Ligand SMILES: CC(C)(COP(=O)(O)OP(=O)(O)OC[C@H]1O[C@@H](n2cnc3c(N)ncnc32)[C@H](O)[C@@H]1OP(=O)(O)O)[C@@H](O)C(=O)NCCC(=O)NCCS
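A lone chain, given as structure tokens: the form predicted alone.
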């Protein structure tokens, strides 16, 4: 059973924070050891929204069970058609289709927004997430050995990649001082 996907609101921030901090403190999905705060999660949500990027939640029986979003892949103009996504599901709610529903919604949103490619950075040991992404047409584009560390050990990063559709042809931004 998968829940209902909807836009996240300010009232969802405490639950998003709880899921985030569980991932930080117990796993290798987020490569930080510093717990987030309501202020930092609120700023994250505001930044995503200001850039036109979604913050979505999956709700089951009235409770937020997970969340997902995407943002800029890199800060340079050449990457403006590519986004990097993330999604997290409360461990107690996993294996109910929430990750599939969230990933499907993020892909649909990015496709509708006219984006060209989506990337996910996944800890190589997270074989369930890698398998989920493969089911949605992502391919492993790169494996970066020992680029991160957490819990006293080195971690490998797998970049998963998926093209979203034809989308518009890339346009070349004009250099300052050139005619438009």
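This is a predicted model, so every value here is computed, not measured. Residue numbers count along the first chain shown, from 1.
There is also a form predicted together with this ligand; it is not shown, and the following applies to it.
Colleague: For a quick test of understanding: in the predicted bound form, does each of 88, 100 and 132 have a heavy atom within 4.5 Å of this ligand?
Modeller: Verified in the predicted bound form; spot residues all in contact, yes.
Colleague: Would you mind picking the one in 149, 142, 128, 38 that has a heavy atom within 4.5 Å of this ligand in the predicted bound form?
Modeller: Only one option qualifies, and that one is 128.
Colleague: Go through 45, 29, 124, 59 and name the one with a heavy atom inside 4.5 Å of this ligand in the predicted bound form.
Modeller: Among 45, 29, 124, 59, a heavy atom within 4.5 Å of this ligand in the predicted bound form occurs only for 29.
Colleague: Looking at 149-157, 107-115, 48-56, 132-140, which stretch has residues with any non-hydrogen atom within 4.5 Å of this ligand in the predicted bound form?
Modeller: Answer to the contact question: 132-140.
Colleague: So in the predicted bound form, is this ligand close enough to residue 74 to count as touching (4.5 Å, heavy atoms)?
Modeller: No - in the predicted bound form, heavy atoms of residue 74 and this ligand never come within 4.5 Å of each other.
Colleague: Find out whether any non-hydrogen atom of residue 80 is located within 4.5 angstroms of this ligand in the predicted bound form, and reply yes or no.
Modeller: It does not: once this ligand is placed as it appears in the predicted bound form, residue 80 has no heavy atom within 4.5 Å of it.
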